[in-house]
Structure formats: C-alpha cells, structure tokens
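Below you will find one chain, with nothing else, as structure tokens; this is the form predicted alone, and questions on how it binds or moves follow later.
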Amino acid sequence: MQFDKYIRNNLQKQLQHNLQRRFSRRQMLQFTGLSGLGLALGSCGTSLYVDKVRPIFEPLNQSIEELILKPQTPVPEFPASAIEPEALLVNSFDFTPIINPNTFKLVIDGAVDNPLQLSMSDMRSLPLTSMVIRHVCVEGWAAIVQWGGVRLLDLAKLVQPQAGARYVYFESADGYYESWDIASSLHPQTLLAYQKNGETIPVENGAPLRLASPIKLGYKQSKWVIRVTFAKELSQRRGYWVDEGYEWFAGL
C-alpha cells in the first residue's frame, strides 16, 4: 500500500506539473516542429547538436514528450500472427558478453528501502508479462516482436523506491548504460524480458535479461542488464548514446 501511495503521489505531481506547462495548440505545433529538429540532429550525434543545439532543444523535447506520455495507459499490442521473426536486427559493441544464467544475479539498489539480488530462478518465479509490440530503432527500421518477462513495476513493488526517486539507471554487462525517467520505467509495459518470440532470448538479443518497452526508442532498451539503480538525481552519465548527442527521453 505504501508503494501504491508513492505511485499515486508521483503521477499526481507529474500531472500537475504538466498541466501548469500546458501549451496552446499554436504553441504546441510550433514547439513540436522545433523539437523534431532537435531530435533529428541528436540522432546524428553531430558535434553541432552536442555543443550548441542540445542545451536548447533537449529540455523542450523532454517537456513535450513527458506531456504526451500516459504512464498508466497500455500501448495497443499486436496479435501473435504479426510477429516478424527476422526483422529484429542485432546492434552491439565489439563483443557480446556471455553470462551464465545459473550464477547470474540481477542487482536492484539505489534509492530503495529493500535492495535485492535476484537470480534467474527468482525472476521466473515472479508474474510473467507477455506482449507483442513494435521495436523501433532510431536508424529507421522496426520489428514486431513478442517479449516476455517481469514488469519493472512489479520489481519496484519489491524494492520500495524512496520518496523523491525520479530516475532509474540500467547497467549492462558489456559496459552499456542508460537512464530512464521514473514514469516510463514504471509503465505497465516496461519489462526486463527473458523471452523473445516465446523462447529464451538469444545471447545476441540480450540474454539473460534485457529491457523491452513500446514507449521508448531501441537505444534506450538496454541488453544484458545486470543492475537496476533507482536515483533521486540524474548524473552526468545519462546514457551511452545520449552522452554522444542522442536525445535522453527518446519517447514514442
């Protein structure tokens, strides 16, 4: 019940915050055009964007996308017949980490009252959520995929985030790192997935655990996740590609 109160309070604060910033239709159209320019430049990772444009456009991007986000509203899903088995491309660093699922422990820590370490057996004992969604890559391709795993929302109920926790960091075994806003992290379709298309996720797709969600671009959906850290502040290291100039919020 304490966690449910925490969620309600955070959502109420976000709604009030968004309403205070509500734009007129004309302003929204104007700002959306400018925001799109920032995203286009950010996706290229250009030095122009990093040095000059991002400090101006990224807060605007984030404000608009937060306004659009509906934290408790599921995104429409697809039937199993729509799955595209070969469409999910593999993007990775110079090496693919091999993690022994029998000894693996997911660490959940930070601004929480009950930090945990969960084995894959622990994860599989938790309620399974399965969804067929479109995975969208910033490079211009997309794939309809079935993901199955544990909702971040359910994990948060176990660790009990502290008042003021506004961000969630994800650390990967290959050195990749990402950060999300708390509302997106606790969306009912944000998973730490261990299934892909009804089977165990292959190593190249992020085994044993990866992020999966229909509300974020692909580069936010970390593979090989080994640590989840709740935080009250956003640090300088916000995300591997974000720190190269990509947009931080990256909402769909």
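In this text, residue numbers run from 1 along the sequence as written. Nothing here was measured: the structure is a model prediction, and the numbers come from that model.
There is another form of this protein, the form predicted together with a small molecule, and it is not shown here; the text below is about that form.
- Taking non-hydrogen atoms only, Lys216 never approaches the small molecule to within 4.5 angstroms in the model of the complex.
- Within 4.5 Å of any heavy atom of the small molecule in the model of the complex lies no heavy atom of His187.
- Contact annotation: Leu88 falls within 4.5 Å of the small molecule in the model of the complex, judged by heavy atom distances.
- Among residues of the shown chain, Cys137 is one whose heavy atoms approach the small molecule to within 4.5 Å in the model of the complex.
- Contact with the small molecule in the model of the complex, judged as any non-hydrogen atom within 4.5 angstroms, is confined among 74-82, 117-125, 149-157, 169-177 to 169-177.
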